[in-house]
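Next up: just one chain, as structure tokens, the form predicted on its own.
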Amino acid sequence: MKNLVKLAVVASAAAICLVACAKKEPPKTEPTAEPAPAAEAAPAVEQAAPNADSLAAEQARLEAERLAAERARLEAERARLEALINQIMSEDVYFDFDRSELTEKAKELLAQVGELLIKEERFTITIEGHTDARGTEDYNFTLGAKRAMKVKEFLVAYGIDAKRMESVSYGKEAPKVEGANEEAYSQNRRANFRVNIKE
């Protein structure tokens, strides 16, 4: 009987050992779906591109502004040149009776004209020589030519290229003031300017 008890004890121990050593199966659970990989963050929605109409309108507006600015610039330049031309053309160089030499006052005025011509190199000028009504036609044409040439020589000496100037004589044919008295004569003994703009 002792043996039987021993055998039962051994068998029980072996059974416990087998049960303890046996690999336990994990408890069965319902399969769970693996979380899907996180979707890449969608890029921020770009601002809608401007449509063709608004782009064309903007381009038209910019072009109109550019043209307006260019017109304003050209108008300002035209006004500046016109003012310079008027300043030169309003200046007459006066001469003493039967003389072609430049007076001191004439030289001062011609220095101002020279400065304007230096400032604006596009200007070319015609110097017109005139006389009063006394004397023969031939004599007055010669005297008018001498007066115009004296003006040109002064401006060349001042630094103006001779190619920018031409001279012409009108003699007594184009008086500034009509009359047969000294007041009229003194206004007609002169050289004056016509201005052109070379392109």
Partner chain sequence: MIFLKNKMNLMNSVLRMTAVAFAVALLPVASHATIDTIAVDVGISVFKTMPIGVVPFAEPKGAIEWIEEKPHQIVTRDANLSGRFDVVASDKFNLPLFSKAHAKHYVTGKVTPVGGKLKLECYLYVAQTKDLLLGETYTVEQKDLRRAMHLFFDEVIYRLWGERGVASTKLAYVSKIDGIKQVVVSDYDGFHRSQITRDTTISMMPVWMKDNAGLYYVNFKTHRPKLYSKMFGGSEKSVFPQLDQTYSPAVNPKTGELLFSSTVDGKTDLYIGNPATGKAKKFAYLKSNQTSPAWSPYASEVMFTSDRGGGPQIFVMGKDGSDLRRVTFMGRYNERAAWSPEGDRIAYTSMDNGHMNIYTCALDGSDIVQLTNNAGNNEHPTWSPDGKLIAFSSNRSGSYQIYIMRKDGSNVTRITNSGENTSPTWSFFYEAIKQQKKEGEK
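Numbering follows the first chain given and starts at 1. Here the structure is a predicted model, which means the values were calculated and not measured.
Not on display, but discussed next: the form predicted in complex with its partner chain.
Three-residue site Leu81, Gln87 and Glu121 fully in contact with its partner chain in the predicted complex at 4.5 Å by heavy atom: Per the other structure, none of Leu81, Gln87 and Glu121 touch its partner chain.
Glu65, Asp138, Asp161, Asp53 - the one with a heavy atom within 4.5 Å of its partner chain in the predicted complex: By the 4.5 Å heavy-atom cutoff, the listed residue in contact is Asp138.
Its partner chain contact at Tyr170 in the predicted complex, heavy atom, 4.5 Å: Yes, Tyr170 sits close enough to its partner chain in the predicted complex that at least one of its heavy atoms falls within 4.5 Å.
Residue contact check: Glu91 to its partner chain in the predicted complex, 4.5 Å heavy atom: Flag for Glu91 set to no.
In the predicted complex, Asp98 touching its partner chain (heavy atom, 4.5 Å): Yes, contact at 4.5 Å.
Ala57: touches its partner chain in the predicted complex, heavy atom cutoff 4.5 angstroms: No, Ala57 is distant from the partner.
Stretch 142-167: residues contacting its partner chain in the predicted complex, 4.5 Å heavy atom cut-off: Counting only heavy atoms within 4.5 Å of its partner chain in the predicted complex, the contacting residues of 142-167 are Thr142, Ala145, Lys146, Met149, Lys152, Glu166, Ser167.
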